[in-house]
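Before any questions on how it binds or moves, here is one chain, the form predicted on its own, in structure tokens.
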């Protein structure tokens, strides 16, 4: 309960702010709908209302505020509207026996999850290997680390189309591969930084103690450096899996894909269906939460078996 109550308080605050923001965000659209329905609106005409503050419009047309919470295509949907749309494309599809229909977010989430996991595996592997090289080689430390830092200054939105084009040029037609590469690009850096810190966390006295036992470099790595880095690694993995999911979704946007959560977001934007966009965003957030929770459970079990005590 100590962990649940703060989460519920923060969640309630977010939902409250979200609900309060719906009225000003949808006010202009609500007035347009009311005007088309021949209802009284002040001032008349969308052009006349364009330069007027939304809060002034709310004050002058307070009777139309409630209609902003029930628009079919709102600029900002309510949590209830998003929840209904999300249920319709997940639980509703399961109830109809169409869980993996192309209209189901479960299907699109599975498509995104595949690339996310492959990218996560690739990025984690690269990050760990690069960290080992940096810790054990001064040349690698002086060359790899600056480039790793510089690589993170390149916007992924600009890099993703380049990776997709290059993948097509070299004959890679599988759409999972470029998305996995983009996911790995975002994933490897937190793993690299945390693993370098973790591998360097043993003190000089601990390293000297192993030398008195005549332990070699490999034994020092396996018996001291690697176990000491495990808590750092799991912390990085939880950041990395979320980053990999973001990278996959970004990678789905410029590919013209019709499957995946990123594709659902893009299609919703193109066809002007905000509820589809928000339900896909909610599905992505839920998927990220599940993945991070699974890693957190794995961390607790692993550290407990290793003798760590919280």
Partner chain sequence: MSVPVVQAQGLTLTFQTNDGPVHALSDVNLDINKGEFVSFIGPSGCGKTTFLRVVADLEQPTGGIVTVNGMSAQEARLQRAYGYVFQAAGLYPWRTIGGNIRLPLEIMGYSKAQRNERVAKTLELVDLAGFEKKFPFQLSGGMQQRASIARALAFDADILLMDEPFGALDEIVRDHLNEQLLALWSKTEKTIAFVTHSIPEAVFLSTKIVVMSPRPGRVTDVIESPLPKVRPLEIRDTPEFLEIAHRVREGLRAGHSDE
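Just so you know, these numbers come straight off a predicted model, no measurement behind them. Positions refer to the first chain, counted from 1.
Form predicted together with its partner chain: not shown, discussed below.
**Student:** Heavy atom to heavy atom, is residue 8 within 4.5 Å of its partner chain in the predicted complex?
**Tutor:** No, residue 8 is distant from the partner.
**Student:** Counting only non-hydrogen atoms and a 4.5 angstroms cut-off, does residue 174 reach its partner chain in the predicted complex?
**Tutor:** Contact check for residue 174: no, nothing within 4.5 Å of its partner chain in the predicted complex.
**Student:** Do residue 209 and its partner chain share at least one heavy atom pair within 4.5 Å in the predicted complex?
**Tutor:** Result yes; residue 209 sits at the interface with its partner chain in the predicted complex.
**Student:** Within 4.5 Å, heavy atoms only: does residue 223 come near its partner chain in the predicted complex?
**Tutor:** Result yes; residue 223 sits at the interface with its partner chain in the predicted complex.
**Student:** 205, 213 and 228 - do all three of these have some heavy atom no more than 4.5 Å from its partner chain in the predicted complex?
**Tutor:** Checking in the predicted complex: 205, 213 and 228 are all within 4.5 Å of its partner chain.
**Student:** Identify which of 101, 125, 168, 219 has a heavy atom within 4.5 Å of its partner chain in the predicted complex; exactly one of them does.
**Tutor:** Going through each option in turn, the one that passes is 219.
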